[in-house]
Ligand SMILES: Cc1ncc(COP(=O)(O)O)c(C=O)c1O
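One chain is shown next in structure tokens, namely the form predicted alone.
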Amino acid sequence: MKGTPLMTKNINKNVHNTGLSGIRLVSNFIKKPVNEVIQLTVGEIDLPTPFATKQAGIKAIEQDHTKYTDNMGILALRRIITEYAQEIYSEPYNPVTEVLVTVGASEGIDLAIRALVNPGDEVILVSPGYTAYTQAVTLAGGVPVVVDTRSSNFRLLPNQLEEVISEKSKLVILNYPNNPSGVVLSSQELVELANVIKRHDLYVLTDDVYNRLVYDQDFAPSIASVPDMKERTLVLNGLSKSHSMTGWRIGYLLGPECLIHELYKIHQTDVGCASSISQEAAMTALTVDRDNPSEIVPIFRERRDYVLKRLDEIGISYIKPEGTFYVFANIEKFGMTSLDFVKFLIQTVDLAVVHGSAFTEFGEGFIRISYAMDLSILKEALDRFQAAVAKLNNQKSLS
């Protein structure tokens, strides 16, 4: 425990056993002023929130829409979400009972896991994967069971899932498009996974926050669209990525009434409701600005292609991202841990990325590079990266 406690009684052991975010850890190694270090770390888009959406937030303040809302979320917003979801998932959701507006997608992760997981229950996670899943499972007293997908180029296969299922298995968490790899599963791949999940009577939490940031289709397929999966599936989504609204903290959960009702109990106790101002803005985001993803995807495609071109020139391999705004690059040939590689970049060229081991131990040997930055910054960042790699290559040749 950090620091010396004044009390003699122990704190919650699950909290004590939960680590901090490996993504945020990187900032601890930055000793220079922030403006001197290029940080391709946190998953936050540099582009502004759409204009009409911002104006809706301003109008909400001016009209004093600044009070508590319905705990489940403003009903008008929930109706808009279900209409939007019908188009994406081809599945009807009742706006009154099957939608819960959350304080960002992060709250949704916590609500789903706390509501479903009893101490000792096993939760199956895909690796590499977002760090918050493991943390939330540990906090709930569950047991994270991590599937290593390196041999299948970060695509979860039915046999890989089958191999880790036990009598204690309760929940499978899927995240496609995947953070950090950018992999997107096809509809057929999801059907095959759904067959395994249904056979073993498991719940699913599908984190679809990147589903509109894909390069070869309008939106990524989701297991929520597979027939007979609605009754066991919680869909997590939000506006942070699709509409550059990280600071507005608006997410939502979709699912069968029997599950949403249980999550609602925790949500009502923890936060009461999401910000009224942000909810008003979200209504505009999903109507007037609903096509914002189609406007920003070409920008990210250009950035992705530039980063991949530079990595090819530098001699760094990767799995081509089909979605998100990350590339998971392989640095195994340098014989360093991914964390040591990150420290080396910071210390030698003032460039910060995220070590692959932040995304479970099966991310070791990789780094995550975020290209949610202006192209001019990415050019400078890749110049610095190339200089660091050249230095490592020189050191290797001299040894």
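Start at 1 with the first residue shown and count on from there. A quick note: this is a predicted structure, and the numbers were derived from the prediction, not measured.
What follows is about the form predicted together with this ligand, which we do not show.
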With this ligand left out of view, choose which of Ile81, Ile109, Val101, Leu190 has a non-hydrogen atom within 4.5 angstroms of it in the model of the complex. Ile109
Between Arg290, Arg249, Arg155, Lys230, only one gets a heavy atom within 4.5 angstroms of this ligand in the model of the complex; which residue is that? Arg249
This ligand isn't shown here, but in the model of the complex, which of 101-109, 298-306, 277-285, 253-261 has heavy atoms within 4.5 Å of it? 101-109
Looking at the partner-bound form in the model of the complex, is Val209 within 4.5 Å of this ligand by any heavy atom? yes
Just checking whether His243 would be counted as a contact of this ligand in the model of the complex - the rule being heavy atoms within 4.5 angstroms. no
Given that this ligand is not shown alongside this chain, does Tyr89 nevertheless sit within 4.5 Å of it in the model of the complex, heavy atom to heavy atom? no
Would Ser222 count as a contact of this ligand in the model of the complex, using a 4.5 angstroms cut-off between non-hydrogen atoms? no
So which bits of 126-155 sit within 4.5 Å of this ligand in the model of the complex, heavy atoms only? Tyr130, Tyr133
